[in-house]
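Next up: just one chain, as structure tokens, the form predicted alone.
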């Protein structure tokens, strides 16, 4: 019996040794994507896991952007945080203020020895997630910028040349009149109204959205969204809403369904709308640069990004961080980024991925898909167009949405609404500043 037991233990040990050698270090990745984007993220994870045998990334959907951020914060408090957390761009200041909760990406990459060149990333993308010392804090992942989508069939039905110049809001204003006169019931619709018509509007015209370089230069920032340029733009949009030339459908991307179904002629939306529009639209469409008001500020400057970046959480082992570094390096590689850009409409986060996409003929075969890249890279970002770094910005956006809705309904003038948004938003900024001194 004793010999049998010894033999069994020897056999068991022989089995366990190779199994231990094959054990992979697990990396948890929490994100906010569902649908087609969720499928593409899953495919990226599967490709990375199949490419090597040391690490296994486990991806988990944790709800929308706000829910994912809240899940990450709650998990850290419970000491159950993932290694990688997707956080939308308006959560950047919140993550920076999180102190010991995050591990800066530049430190993770340096310690892991993974391939990492900060200069390879597009400047206007990298700058959003970089400290004032030039260190990258989180990895840009899904970065988009707003553009103008055009339903060419709707233009032709209204007797308008679909190739008409729409580069300025002055031209768009004239075309909205023509569309309405031609029988179009929805000349213009928008998604993400604050992001496009205030945040990006300000950057594109090189006027401040907030003081202190839009928050990059200090927590003692104040909103400046009630300036002359912003108020003039919103006043025009309020008139369009009154005349039913601009149709308001909601705060997020509710207008996307209206455009994709062919009900609307013009649509201001993220460049990442490309995948859905291409898949669903049964009409001829194209994409143009976001319009600017000629003679206002220094427009056109550059637009700013939306989307999210990947933050690395503190509290894990060194070997696990090596796996994090390898996965982030994989996501930044030229072929992965080029495929992501082409499949989604998100920006390629590296110049090399954009160049590879152009060399492959994708832009020639899909005209207009390079507009977002050109719009972001044609000029060096200024203090007004580098991005926004404001505390409690998710809540501030909610305030802005309320005030914009008051303009569209005719309950407030643009000046009254933006003055109110500034007063209410500044109160949140002061609370955030006090909490993080």
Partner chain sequence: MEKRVTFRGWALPLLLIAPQVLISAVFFFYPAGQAIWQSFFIPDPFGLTSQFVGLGNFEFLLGDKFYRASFLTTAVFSILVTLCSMIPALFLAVMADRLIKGSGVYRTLLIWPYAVAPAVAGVLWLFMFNTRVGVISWYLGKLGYDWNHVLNGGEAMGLVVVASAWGRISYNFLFFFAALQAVPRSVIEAAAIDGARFWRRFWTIVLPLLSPTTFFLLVVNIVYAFFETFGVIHTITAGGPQQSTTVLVYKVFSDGFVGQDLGSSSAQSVVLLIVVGLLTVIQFKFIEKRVHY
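Positions refer to the first chain, counted from 1. Just so you know, these numbers come straight off a predicted model, no measurement behind them.
Absent from the display: the form predicted in complex with its partner chain. The rest refers to it.
- Between 137 to 145, 88 to 96, 316 to 324, 124 to 132, the stretch whose residues reach within 4.5 angstroms of its partner chain in the predicted bound form through a non-hydrogen atom is 88 to 96.
- Residue contact with its partner chain in the predicted bound form: residue 60 places no heavy atom within 4.5 Å of it.
- Under a 4.5 angstroms non-hydrogen atom cutoff, its partner chain in the predicted bound form has residue 251 among its neighbouring residues.
- Shown alone here, residue 263 lies within 4.5 Å of its partner chain in the predicted bound form, counting heavy atoms only.
- Using a 4.5 angstroms threshold between heavy atoms, residue 69 counts as touching its partner chain in the predicted bound form.
- Between the options 336, 158, 101, 281, the residue in contact with its partner chain in the predicted bound form by a heavy atom within 4.5 angstroms is 101.
- Scanning 366, 235, 171, 185 against its partner chain in the predicted bound form with a 4.5 Å heavy atom cut-off leaves one residue, 185.
- Contact annotation for 396 to 416: residues with any non-hydrogen atom within 4.5 angstroms of its partner chain in the predicted bound form are 402, 403, 405, 406, 408, 409, 411, listed in sequence order.
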